[in-house]
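Heads up, the chain below is alone and in the form predicted on its own; it's given as structure tokens.
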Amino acid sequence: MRTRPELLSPAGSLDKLKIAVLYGADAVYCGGQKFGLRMASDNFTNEELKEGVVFAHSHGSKVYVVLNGFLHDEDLETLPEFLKLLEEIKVDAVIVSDLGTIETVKSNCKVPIHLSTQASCLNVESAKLWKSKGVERVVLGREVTLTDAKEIKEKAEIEVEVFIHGSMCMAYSGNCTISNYTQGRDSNRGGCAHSCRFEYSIDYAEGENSKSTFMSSKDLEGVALLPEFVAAGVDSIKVEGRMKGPHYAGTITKIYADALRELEVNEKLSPESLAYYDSELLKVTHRDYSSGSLSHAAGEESIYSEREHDDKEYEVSGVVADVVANEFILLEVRHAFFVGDELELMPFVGKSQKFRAKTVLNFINETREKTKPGELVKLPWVPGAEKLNLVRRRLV
């Protein structure tokens, strides 16, 4: 029986699924080529879904597939075939936001149903209703506090899942149509253009005008509140980010997994650990952090007042393809780096290890001064290195 929350991580691709699982995710959520809300993500072909489920299950992790787009009748005509596939490959649950989709799922397979945050479940009576329709778990809207989550779980007697990290939306649980009007893209059918992140001009009645990002939200970060998640009985803590890269998937998953392991031994997180966790969470691309509505209703302090910009501090230099102990690590290069650069190996458990690329050899042992994305290179052996570890480089 689980004594701590499940750690649920995003898997925008098969590559990111494997990384999240190996860095400690108890479960991952992903999408197929249709029916989801992140159509700009890589998403999974049917064959990739099969491979992803086998990989996750072989490592003791679960796979949930999103069917959380606002589906129309033409979608429901083709959904049954996909559902049969999901049941056949033993997907652990589907995440659904629509009553009609729920009925379609129940009529065509026995895969457990989780309610998407898109359904804006915010209270006990709503949770009871969804439970009566066959839902086993509700992904609560980001607008609820942990106190609300505890009450909903206890009174509705249903599993609750709460977001703990990632992007937030200015609209109720993503129910937004701004992109429909500004870009001709349906936000609730996978086409969100993140129009809320833009800078807008505001014209006041007095004739004054100004520019503002008043609809843009800071990112959610709740590692310091993990003991409160546990005390509230939250069944699953969810990390947003299927469209984000491998560095995000690995780093965020690893930090929350480390923190959960610490809580299994102690009742609280030490100040030293929190300082380390916070420093690591700052290394991924992010907006300013906020605790959102986890403790109290989000207010003005949760608004992100800057324009969108990409100022990455770290990037993934490569993924370990193989290790020959005491000799070398074989790295699949993702971003170019030079011989002599300082790199960091991210083990699946424990702190990152810095090392210098004193020698860089290609597969036939020719010296390389600069690597190229996609090639395999040999780097000095790093104790503890394992296949599929991430190797990253600081940029600033």
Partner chain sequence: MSPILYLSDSVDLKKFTNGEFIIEPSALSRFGKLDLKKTNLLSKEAKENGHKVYLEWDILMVEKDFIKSVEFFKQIDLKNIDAIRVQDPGAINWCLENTTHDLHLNLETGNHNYLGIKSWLEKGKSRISRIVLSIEWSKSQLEELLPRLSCPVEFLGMGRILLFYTPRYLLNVGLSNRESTLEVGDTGHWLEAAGQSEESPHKGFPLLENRHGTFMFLPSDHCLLDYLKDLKEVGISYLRLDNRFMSKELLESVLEQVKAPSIEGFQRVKEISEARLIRGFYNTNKSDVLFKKLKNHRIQRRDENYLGQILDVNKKNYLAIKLKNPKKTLSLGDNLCLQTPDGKTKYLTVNWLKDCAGNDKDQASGEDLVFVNHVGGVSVRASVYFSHE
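Between two forms, the rigid core is defined as the largest C-alpha subset superposing within 1.5 Å. Model, not experiment: these values are computed from the prediction. Residue numbers count along the first chain shown, from 1.
There is another form of this protein, the form predicted together with the partner chain, and it is not shown here; the text below is about that form.
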Notebook entry, point to check: How about residue 43: is it within 4.5 Å of the partner chain in the model of the complex, going by heavy atoms?
Noted result: yes
Check: Applying a 4.5 Å heavy atom distance criterion, does residue 245 contact the partner chain in the model of the complex?
Finding: no
Next item on the list: Would you check, heavy atoms only and a 4.5 Å threshold, whether residue 172 touches the partner chain in the model of the complex?
Entry: yes
Notebook entry, point to check: Using 4.5 Å between non-hydrogen atoms, is residue 186 touching the partner chain in the model of the complex?
Noted result: yes
Item checked: Region of this chain that lies against the partner chain in the model of the complex, out of 162-170, 256-264, 225-233, 84-92 [heavy atom, 4.5 Å] -> 162-170
Check: Taking 136, 277 and 352 together, does each of them reach the partner chain in the model of the complex with some heavy atom inside 4.5 Å?
Finding: no
Notebook entry, point to check: Hey, which residues along 142-169 are within 4.5 angstroms of the partner chain in the model of the complex, non-hydrogen atoms only?
Noted result: 143, 144, 148, 151, 168, 169
Item checked: Threshold 2 Å Cα movement between the shown form and the other one for residue 365, core superposed -> yes
